[in-house]
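Just one chain is shown here, as structure tokens, and it is the form predicted on its own.
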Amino acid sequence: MASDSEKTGMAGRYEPRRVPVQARSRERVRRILDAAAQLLIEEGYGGVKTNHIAKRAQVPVGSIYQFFPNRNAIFHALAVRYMDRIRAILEGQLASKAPQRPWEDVLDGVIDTLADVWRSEPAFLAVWVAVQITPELRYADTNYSQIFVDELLVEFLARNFSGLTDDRRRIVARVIFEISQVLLDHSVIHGGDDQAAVVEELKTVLRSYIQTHIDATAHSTPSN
């Protein structure tokens, strides 16, 4: 297992060489990322090369290297783009500034929204698979789960279930995250006509899991 310093070094290899400022440069980077995403869908991670991305994006290969040091840096940038989008979605429903609703409704809304992203954007799943099968990219994206688990989910649990200890909230948040990832992936990759049913089962599993902890907390609290 890599140390924290090794992970930091790996992540640094996939940072962009420079951030586009001018509109023309931003548009070029957008085309590069869109081309890479489409090729991931069509060819899979192993079949996508930098020259293929350049050809699909209709830019010189040298233009790619102006912004990205290597192929994995492009995939990393794609992952960040999707992570930023999903974070915005979850913040809108889980953060303290979000409209207050019963926790069951919030949970169902989050799962429905995420399921729609998984179903409607095949590039997202292709990028996610590439990240998971590439050790360097997994290290580069360690902040992905930390943002969702340590910030949004833990905060949501703290507001709604004050009886849970800090340690228990972190564990529950991690389990919610991991179960959701696995079953949302499954709903797209293997679900077929059962995609919607798998998503509904995910909601049932999560509601039951959370309710179990609520009940356990209530039973362990001394009555006055």
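Predicted, not measured: the structure shown is a model, and the values here were computed from it. Counting begins at 1, following the sequence as shown.
There is another form of the same protein, the form predicted together with another copy of the chain; it is not shown, and what comes next is about it.
Touches another copy of the chain in the predicted complex: residue 46 (any heavy atom, 4.5 Å): Contact with another copy of the chain, yes.
May I ask you to state whether residue 205 is within 4.5 Å of another copy of the chain in the predicted complex, using heavy atom distances? Flag for residue 205 set to yes.
Contact between residue 22 and another copy of the chain in the predicted complex at 4.5 Å, heavy atoms? The answer is no: residue 22 has no heavy atom within 4.5 Å of another copy of the chain.
With the partner left out of view, is residue 26 within 4.5 angstroms of another copy of the chain in the predicted complex by any non-hydrogen atom? Close contact is absent here: in the predicted complex, residue 26 is far from another copy of the chain, nothing within 4.5 Å, heavy atoms only.
Heavy atom distance at most 4.5 Å to another copy of the chain in the predicted complex, all of 52, 70 and 80: No residue of the spot touches another copy of the chain in the predicted complex.
Looking at 172 to 180, 29 to 37, 151 to 159, 56 to 64, which stretch has residues with any non-hydrogen atom within 4.5 Å of another copy of the chain in the predicted complex? Within 4.5 Å of the partner lies stretch 172 to 180.
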